[in-house]
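As a starting point, one isolated chain is supplied in structure tokens, in the form predicted alone.
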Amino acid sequence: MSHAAVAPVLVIHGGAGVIRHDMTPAKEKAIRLAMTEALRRGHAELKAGKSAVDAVTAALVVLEDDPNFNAGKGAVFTHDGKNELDAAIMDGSTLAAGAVAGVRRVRNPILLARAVMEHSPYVMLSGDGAETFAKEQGIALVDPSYFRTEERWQQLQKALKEDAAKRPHVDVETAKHFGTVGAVALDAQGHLAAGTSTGGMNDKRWGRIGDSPVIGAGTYANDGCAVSGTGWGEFYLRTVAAYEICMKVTQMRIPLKRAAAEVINQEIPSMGGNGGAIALDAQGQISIPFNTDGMYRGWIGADGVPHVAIYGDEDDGTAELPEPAPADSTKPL
């Protein structure tokens, strides 16, 4: 697919499942500031003529370093009281991808995922092996205590009490608080990229890995579409959600907003799951569907103005963006 010059766009999320009554004014302010900074950092890469991969990476590092999100510094705890981190990144122009799962000492998992993509013959590395590769690549490692926050520790204690009371292991209220972070970008060359980073599910057991690091499930990009998901990972895995959205767009010629809504707001809920996603196409069209109380989300376009929203009834500005003209089905993608 050849691209004419396009206006760069960056879209980010900090997770679906926001519950308004759990939000303090101070926390809301901190989250909005972090989302704004992530947008500005990523957009600076695009403005400098750098790649969509560079923009995605820059934005996600900001969110991984902020304790308000379930990724990096603010990751949730496993049942055993540890932090296990997952991340993935994909370059839509080449279909190159890298991912890591179950790492415990990597400060910025998205940087390691990118190193896997660019400097290894593999797509996904996990656990101790991934950390050995991180050392070889000069990726920053930290003591596991770096990831601990009191808020996440208390969330685990609540979940452990529910376990002891023999309540269902995956309680719906806990499952809503994923906080996974993600980004999708379109650069000036018309290339797309997607990335996702997460601490996974609170109180997860047995080395559970969700959709975020799985290419096609929580993260996917090709030459016409980029998606990062956030939600109940088991359902995104079973529907191969990110890939399905992009196939609807690039193969079936379904408009981006409709394609994303069909998967996120119809197919996944019909199976009992919930969550959201950010999606971006090669024309710069944005879709941010979600079916939870809220979703940390934001985008920035050619004018360099960050748009950030949290709650379901809050305008994020994307509703005003026009749909692109119908594609000419006689022209090859």
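Quick caveat, the model's predicted, so the values are computed rather than measured. The first residue of the sequence shown is number 1, and the count goes up from there.
Only in words, not in the display: the form predicted in complex with a small molecule, which the text now covers.
The small molecule is not drawn, but in the predicted bound form it has a heavy atom within 4.5 Å of Arg208. By the criterion of a heavy atom within 4.5 Å, Met201 is counted among the residues contacting the small molecule in the predicted bound form. Looking at Gly72, you'd find every heavy atom of it more than 4.5 angstroms from the small molecule in the predicted bound form. Of the heavy atoms in Pro109, none are within 4.5 Å of the small molecule in the predicted bound form. Distance criterion of 4.5 Å from any heavy atom to the small molecule in the predicted bound form singles out Gly179 from the list Gly190, Gly179, Gly224, Gly98. The stretch from 132-140, 115-123, 259-267, 229-237 that comes within 4.5 Å of the small molecule in the predicted bound form, counting heavy atoms only, is 229-237.
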